[in-house]
Ligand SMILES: Cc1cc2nc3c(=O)[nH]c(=O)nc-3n(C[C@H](O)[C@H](O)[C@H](O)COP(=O)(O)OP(=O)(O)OC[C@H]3O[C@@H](n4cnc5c(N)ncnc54)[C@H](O)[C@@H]3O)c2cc1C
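Starting off, we have a lone chain in the form predicted alone, written out as structure tokens.
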Amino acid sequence: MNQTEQQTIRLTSEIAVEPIQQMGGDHMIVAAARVSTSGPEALEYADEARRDEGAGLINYLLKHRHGTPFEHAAMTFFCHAPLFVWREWHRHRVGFSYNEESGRYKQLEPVFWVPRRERLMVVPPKHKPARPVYLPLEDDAAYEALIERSRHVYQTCYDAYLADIEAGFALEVARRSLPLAIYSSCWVTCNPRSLMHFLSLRTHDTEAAFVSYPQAEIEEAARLLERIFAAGWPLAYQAFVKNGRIAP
């Protein structure tokens, strides 16, 4: 098919986070902490069967913000999200590793983000940018018009992108036409300490010691990561929640 022929774009609201691998668990956090007082005997704690023995220690570490033991484990995800989410996600640099799909080396797929119907998106009269709280959109017709405008703009942008490629322009030049709503895939690897810092900033929880106000789409990704963290490191996760969702 000639690249200048129109390719139908796909609209979606989904943020995908797929767990790929896990290294270590609560037991490794305990073993890493015990070495400071036990020396070689700390090897005994690097046993998953002894995990539950470390609940009190893990809580102590989090409460008093002794963070380095939480760096001796890791998790890897494969994530699919719009570029505006990655703009925020890549700000988390310490303890995170990224390898993202490259618009310089491959043609990007025509997949674009639109807000869910139930998403809060109307600016209230007394809006505070630092603590944004939005209202629901009551008008179905207004939502449908928003989606149709998005479809038109995204299709026009992607058609221009394909036309540039067909004309012989480099992918890195052609991509200038694409909006932040286009999706990109990325490998993400991090340790529990870094993930807790991410969760503290990218989730809204009224019970947190420091309440954050993230954008809905990165919070959606964060909540998916949080479930994986809770399943793989239940003791660390429980201590994180108990101590106000503050990263050590």
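Residue indices: 1-based, along the sequence shown. Just so you know, these numbers come straight off a predicted model, no measurement behind them.
Beyond the structure shown, there is the form predicted in complex with this ligand, which is absent from this document and is the topic of what follows.
> Considering non-hydrogen atoms and a 4.5 Å limit, does this ligand approach residue 202 in the model of the complex?
Judged by the heavy-atom cut-off of 4.5 Å, residue 202 is in contact with this ligand in the model of the complex.
> Please tell me whether any heavy atom belonging to residue 212 falls inside 4.5 Å of a heavy atom of this ligand, as the geometry stands in the model of the complex.
Within the cut-off, so yes.
> Although the partner isn't part of this model, could you tell me whether residue 91 comes within 4.5 Å of this ligand in the model of the complex, counting any heavy atom of the residue?
Close contact exists here: in the model of the complex, residue 91 approaches this ligand to within 4.5 Å, heavy atoms only.
> Do residue 197 and this ligand come within 4.5 Å of each other in the model of the complex, heavy atoms counted?
Result yes; residue 197 sits at the interface with this ligand in the model of the complex.
> Can you pick the stretch from 49 to 57, 182 to 190, 23 to 31, 213 to 221 whose heavy atoms fall within 4.5 Å of this ligand in the model of the complex?
Partner-contacting stretch among the options: 213 to 221.
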